[in-house]
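Read the single chain below, which is given as structure tokens and is the form predicted alone.
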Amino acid sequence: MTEPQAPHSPRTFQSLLITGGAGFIGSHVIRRLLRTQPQTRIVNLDALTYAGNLANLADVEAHDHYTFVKGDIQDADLLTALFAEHAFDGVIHLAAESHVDRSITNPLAFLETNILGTATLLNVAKQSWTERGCMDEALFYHVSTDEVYGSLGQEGLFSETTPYDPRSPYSASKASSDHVVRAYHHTYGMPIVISNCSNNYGSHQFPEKLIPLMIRNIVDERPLPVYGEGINVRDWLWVEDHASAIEVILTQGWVGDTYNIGGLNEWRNIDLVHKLIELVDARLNRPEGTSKALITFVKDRAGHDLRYAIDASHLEERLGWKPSVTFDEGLANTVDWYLQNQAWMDEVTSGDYQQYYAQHYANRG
């Protein structure tokens, strides 16, 4: 199988495994699919590491079609048992170590989770779908990143045919996992789709990431650390739009195809910080520009890619998807959510949510 194959009609799923569903993007995907795919039962498998937070899904915890399982994608026995119990006909694979700075400090954790974990999941899915004779009706959806493509100069865009050129342990681990997924497709006939997205922003994001970190520090009047001169450029994708793109690719994507998902919003880091200062200061009734003095330029990150920018035309032309909000709309929505949910931010920053949910699920047996 070398050429992508179009589905005969939109797919539906009886039982869907979503890995990493307690994370930032995963929680938005689960919440959306429970609303828009009422026939589908969803199992959320998450190891609940520092960025996994079940408080993100508190509003759907009791949903009849939702089940949470705490576990690691490297645990083949657990995966085999889950496939046997739930007879999954689809997988959305989001579980990953995902923070570049942490990958520089601890690269082996990223290689183990992102490469070996993905391979373990693929192998169990292949065995299950082969034994059940449902390979042709199933789908393995691997969610990846635009960072696999490396760094752009001042011009150009990443397309689905851009050669891979990862520059960090994180992006190298994701590039490797992309290759493993494609190898299972070409070698074993595994029905797969892959998407590579740009930087996500929105509610429920762990506050080590740029936008929630800056919002929190502006509120608390703490330094706003900016790498280098702040000239690195990123394309920003509202997480709600990413979730809608994932649903479109899940139900309509061509088997064997790859889709780049971008928000069509390129911003230099320093310009984005100034935009956040403007929004937060206004909402806190501070004089315009009050928080600009908090900007602190720090030593640049090792291997810091200059620019990412996505060409999402393939996704729009083939499946009809495009972003639903402007960056101004999405960013205003995001700032308002964090300002209205500072208790959530405090719990996430302190780590208290991990202790609560560890005890909560222990009490449930």
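Only a predicted model underlies this, so the values are computations on that prediction, with no experimental measurement involved. So that there is no doubt, residue numbering starts at 1 and follows the sequence shown.
Absent from the display: the form predicted in complex with a small molecule. The rest refers to it.
This chain is displayed without the small molecule, yet in the model of the complex the stretch 212-220 from 251-259, 121-129, 82-90, 212-220 comes within 4.5 Å of it by heavy atoms. Checking Asn269, Thr162, Ser103, Ser176 for any heavy atom within 4.5 Å of the small molecule in the model of the complex turns up a single hit: Asn269.
For the candidate set Glu208, Glu137, Glu247, Glu278, a heavy atom within 4.5 Å of the small molecule in the model of the complex is found for exactly one residue, namely Glu208. Although the partner is absent here, Val180 lies well away from the small molecule in the model of the complex, with no heavy atom inside 4.5 Å.
By the criterion of a heavy atom within 4.5 Å, Arg234 is counted among the residues contacting the small molecule in the model of the complex. Though the partner is left out of this view, Leu111 does not reach within 4.5 Å of the small molecule in the model of the complex, counting heavy atoms only. At a distance threshold of 4.5 angstroms between non-hydrogen atoms, Pro225 is in contact with the small molecule in the model of the complex.
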